[in-house]
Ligand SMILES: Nc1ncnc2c1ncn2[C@@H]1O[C@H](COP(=O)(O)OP(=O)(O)OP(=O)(O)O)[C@@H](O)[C@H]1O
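Taking the form predicted on its own, here's one chain by itself in structure tokens.
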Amino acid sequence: MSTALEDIFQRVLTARVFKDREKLRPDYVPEELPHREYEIKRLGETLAPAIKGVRPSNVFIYGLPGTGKTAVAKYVLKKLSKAAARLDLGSGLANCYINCKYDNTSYRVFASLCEQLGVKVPFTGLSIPELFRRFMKALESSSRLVIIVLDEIDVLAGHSSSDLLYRLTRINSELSKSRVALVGVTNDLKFTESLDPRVKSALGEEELVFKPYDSDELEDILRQRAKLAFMEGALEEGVIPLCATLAAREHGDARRALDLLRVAGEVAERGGGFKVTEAHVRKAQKELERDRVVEVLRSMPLHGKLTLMAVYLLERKGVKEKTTGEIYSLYKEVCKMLRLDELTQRRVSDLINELDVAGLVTARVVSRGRRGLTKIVKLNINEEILREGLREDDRLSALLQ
């Protein structure tokens, strides 16, 4: 094993593929953002009053994943801060960035905001009112205009922390020396429908919608990043067009295109190669598909996992045509075994439809003649991926033994 590892290390050391692979990471914000000039201009116009210390309107940014929402928000705020510094106004302007996917509770959001304003707070232990009080004190002591970006803000709406949005949209009425402006970013175009009308009107003073990239636009983005990330001559001619085409099929996701190009480079590097080929892109696509399926499995609600487990167990028993009724019967057995309350058959049928949309199963309706219509379900993933996706839950992984 030691010799095998040394061979792997040596291949990576001798490979001449990457110049700086970090330039392909989604959190890297380049000096130029191709095909987002209009969105940059619109957001810049909205936030520009901050240079004079005037609180700009709150902004809500919508768009599918990988359409440049976060990059544009960070880009504009970076330029705004530089402009304020040139005018010697930098001390009166501050930016705070929160990724609500990770800071997904009121406590974590307020704790992160306090930290970014230079106030240390314990990881746990304070009440939300006390934490909010400390955040307010930090704001007032700074006497600044603070622009807060809440990325993936829709995550907060599904938690008890949804009142956080109400607090933040009403915070200026409680401040005397400072001001707060909010930039909300979401992939969910219907997110605001679930908001309190008072929060919705305050949060969405201005709205900006990002359209998906097309194949040509993705190719431009990849060529820009490739110059920064790869050694000269490291990419075969057809690699970038292939990555762009594959990503364009998935709603023009630039993040997906960049991941595909980076992983293709890593596949070539692991082989000790000097050039990334289309074959490396195809292999990278398979690796990313696998990783995405595993992530979907891990993030699924418990009863969605139980429904999928019932489909798998029927398949393992050799049942070729698995109907909704058979799946529900086995689902109830699994719930009983794990001492869990079961859902209704109608709800489990809805979960099967959700699994179908996610691509984990295929559900098709067939005619049984006089017996009417029935839904036949087929599993689309193998046992290895299922095990990896469910291994964090000991109860479910035990059923796979």
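Since the model is a prediction, treat every value here as computed from it, not as a measurement. One-based numbering along the sequence shown.
Another form, the form predicted in complex with the ligand, is not on view; read the next lines as being about it.
K.L.:
Answer yes or no: in the model of the complex, does the ligand come within 4.5 Å of a heavy atom in every one of Pro34, Leu64 and Asn187?
P.N.:
Answer is yes for this spot.
K.L.:
Report yes if any heavy atom of Gln224 sits within 4.5 Å of a heavy atom of the ligand in the model of the complex; otherwise report no.
P.N.:
Taking the distances in the model of the complex, the answer for Gln224 is yes, it comes within 4.5 Å of the ligand.
K.L.:
Evaluate Pro56 for contact with the ligand in the model of the complex, applying a 4.5 angstroms cut-off between non-hydrogen atoms, and reply yes or no.
P.N.:
The answer is no: Pro56 has no heavy atom within 4.5 Å of the ligand.
K.L.:
With the partner left out of view, is Ile147 within 4.5 angstroms of the ligand in the model of the complex by any non-hydrogen atom?
P.N.:
Close contact is absent here: in the model of the complex, Ile147 is far from the ligand, nothing within 4.5 Å, heavy atoms only.
K.L.:
Residue-level question: is Gly359 within 4.5 Å of the ligand in the model of the complex, judged on heavy atoms?
P.N.:
Taking the distances in the model of the complex, the answer for Gly359 is no, it never comes within 4.5 Å of the ligand.
K.L.:
Could you tell me which of 233 to 241, 266 to 274, 113 to 121, 70 to 78 sits within 4.5 Å of the ligand in the model of the complex, going by non-hydrogen atoms?
P.N.:
So the stretch in question is 70 to 78.
K.L.:
Since exactly one of Arg134, Lys200, Arg255, Arg167 fits, which has a heavy atom within 4.5 Å of the ligand in the model of the complex?
P.N.:
Checked against the cut-off, the match is Arg255.
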